[in-house]
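What follows is one chain in structure tokens, specifically the form predicted alone.
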């Protein structure tokens, strides 16, 4: 069965989230958001999904403030972070390129990324673009650190890094990434060539499993309509579903 890159990534992330109690998703994460909604559908509703600024998929009335409260209380089990730059110790940069504060490129800012990185048990890093300008040897600015000193209390941290080329698992003891799978159509050499940081490469690296037909059916059905609420442009581009259709479905 044919599938899109977006559908492959949705299924990749969903496999990491199965059995999770409460998944929270930010305002600019349509692929992780779709994966979370897929897990909720597969769990028959036992997994809770909270999407910031969604009309139907959040129980908060005060947005990010309540997200931070829930995370600090241990009531969020998985979250997603990305960055304009990501390095081999899972540090992320959301501030800009160059020497701070005189940077040649400025991004949106760190917001609450560092806090959530420390308190949410399973943080999945996600960035579709996998090039040396994103996957760098060392980020220019640490918006949120991937690792901490041994005497720092930190229940949260990086679990994996998912890109358009592959999946990295994060080894907290070695404080570095390990190549876990390579997506169909891509190769280990290609991943190495396009990654600025060093990482562990097992002797054999399997292909990322392709989406299962039953999951594709859910993604293209109920998930596509549900994700049109928080991410209307994504739903229209990938699935051809509009928010008007979702409301009338």
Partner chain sequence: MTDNGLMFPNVDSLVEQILDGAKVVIPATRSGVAMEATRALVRRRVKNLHLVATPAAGLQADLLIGAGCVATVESAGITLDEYGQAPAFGRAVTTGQIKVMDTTCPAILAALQAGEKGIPFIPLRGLIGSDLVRFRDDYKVIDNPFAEDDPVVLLPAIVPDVALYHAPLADHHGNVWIGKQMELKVISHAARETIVTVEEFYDGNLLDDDRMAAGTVPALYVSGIALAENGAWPLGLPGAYDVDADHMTAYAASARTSDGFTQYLADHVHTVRAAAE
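Numbering follows the first chain given and starts at 1. Being a predicted model, the structure only gives us computed values, none of them experimental.
Below: the form predicted in complex with its partner chain, not depicted.
At least one heavy atom of residue 95 is located within 4.5 Å of its partner chain in the model of the complex. Residue contact check for residue 61: one or more of its heavy atoms lie within 4.5 Å of its partner chain in the model of the complex. Under a 4.5 angstroms non-hydrogen atom cutoff, its partner chain in the model of the complex lacks residue 201 among its neighbouring residues. Its partner chain is not drawn, but in the model of the complex it has a heavy atom within 4.5 Å of residue 141. Note that among 124-132, 156-164, 110-118, 175-183, the stretch whose heavy atoms approach its partner chain to within 4.5 Å in the model of the complex is 110-118. Along 34-58, a single residue, 53, places a heavy atom within 4.5 Å of its partner chain in the model of the complex.
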